[in-house]
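The chain that follows stands alone, in the form predicted alone, written as structure tokens.
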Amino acid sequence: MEETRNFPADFLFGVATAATQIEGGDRNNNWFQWCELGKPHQGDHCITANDHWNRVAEDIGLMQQLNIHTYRLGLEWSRIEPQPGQFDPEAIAHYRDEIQQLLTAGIRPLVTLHHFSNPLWLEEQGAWTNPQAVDHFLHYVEYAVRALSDLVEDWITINEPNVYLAMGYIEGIFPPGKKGDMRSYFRAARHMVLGHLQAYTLIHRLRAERGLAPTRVGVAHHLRIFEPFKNRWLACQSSKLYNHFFQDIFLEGMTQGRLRWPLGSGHPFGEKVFADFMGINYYSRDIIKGSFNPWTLFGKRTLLPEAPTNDLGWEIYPEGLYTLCQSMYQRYGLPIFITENGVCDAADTLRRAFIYDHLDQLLRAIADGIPVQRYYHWTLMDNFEWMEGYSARFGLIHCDTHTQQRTIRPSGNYYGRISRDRALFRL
């Protein structure tokens, strides 16, 4: 008899996407401009993506085939507010219709308000390095939430602020393409923290005014395991620096409202909690070897020689998911949503084991009393993976970028059965 282990009856299995990565057709955002410059892999362009804007019903039908309980979708700010203060009723009506279709299909929406993409007009103003970005973001949030709040209980204000800023201002491979600009990284980080704190309160207020409850608001934090090589002293100090600058300033700021150096100090909006769940995007760990280079935080990120990796060379380390669930719950005491977890695997030879091993770690966490409530697989279908273009394949569904033909992979059927039964079974 096949061995199965059950998840709680109210556990939700889902998939996650981002607007810029799947919709196609939008020419008013910073990634369209970045693609026009030929920056992504082999000149791939987000104007194509998955044509999801025109294929919403088809893609919701695929989610139904996969027995999905909940779908994390993104809004494209540049569609909704094409010019500052000018909102497009047709764009918000499109998203409202999509969400209504999800609800009709029995799929619960989790809506992301910012996922790496800015309107061109905001980018031209310096994006999040400009303090006015906070007010612009709040005006957009208010418009979107007023329009959708009767349909949506669950919100993510900002996705992976650390990745967005590190890639754009430290590595220089995301727009605006600045390299080693630590000053802009920290300035923008402060504004994104302040934007989330105010958006959290705003979303709760807007729904409360309509007598709507419950409301859940959080951030999708990209969290990694930074493990010092052989526990050596310099590697340990470097790991602490990576944790502080890449993770803790965002976690503390956006969860407890506490500004930590160099973003500031104190609690600008009071000592309280500004998150209703802890959103964790988890993919890998880094082994940190000590270095005397201050520009790399006195460390070098590397892999162990025997480490299993995905198509992008990222280590596959399932135990890290348990470690993060445990540490985040001990630290903040919030319910946990795994808002992204997946593997780049074009041949679909790794994904089933990847899913099994990571869900196994979640069952371990749940058995230890950690309230892990949801799991969103990244991603529904192969899409525009930022600088990797269409070369990086994370989808449960294969998508032919020329014909837009969607085909559920064997790993997708495997995940669909897990979701249907809320049970993990051996491969």
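Just count from 1 along the sequence shown to find any residue number. Everything numeric here is computed off the predicted structure, so don't read it as measured data.
What follows is about the form predicted in complex with beta-D-galactopyranose, which we do not show.
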{"item": "Per-stretch contact check against beta-D-galactopyranose in the model of the complex, the hit in 103-111, 129-137, 159-167, 190-198 (non-hydrogen atom, 4.5 angstroms)", "value": "159-167"}
{"item": "Non-hydrogen atom within 4.5 Å of beta-D-galactopyranose in the model of the complex for each of Glu23, Asn50 and Glu98", "value": "no"}
{"item": "Non-hydrogen atom contact Phe87 with beta-D-galactopyranose in the model of the complex at 4.5 angstroms", "value": "no"}
{"item": "Non-hydrogen atom contact Asp59 with beta-D-galactopyranose in the model of the complex at 4.5 angstroms", "value": "no"}
{"item": "Close approach of Phe394 to beta-D-galactopyranose in the model of the complex, 4.5 Å, heavy atom", "value": "yes"}
{"item": "Distance check, His115 to beta-D-galactopyranose in the model of the complex, heavy atom within 4.5 Å", "value": "yes"}
{"item": "Option touching beta-D-galactopyranose, based on a heavy atom within 4.5 Å in the model of the complex, out of Ser239, Ser184, Thr215, Asn281", "value": "Asn281"}
{"item": "Contact assignment for beta-D-galactopyranose in the model of the complex, among His204, Arg285, Arg352, His222, heavy atom within 4.5 Å", "value": "His222"}
{"item": "Any residue of 68-99 that, in the model of the complex, places a heavy atom within 4.5 Å of beta-D-galactopyranose", "value": "none"}
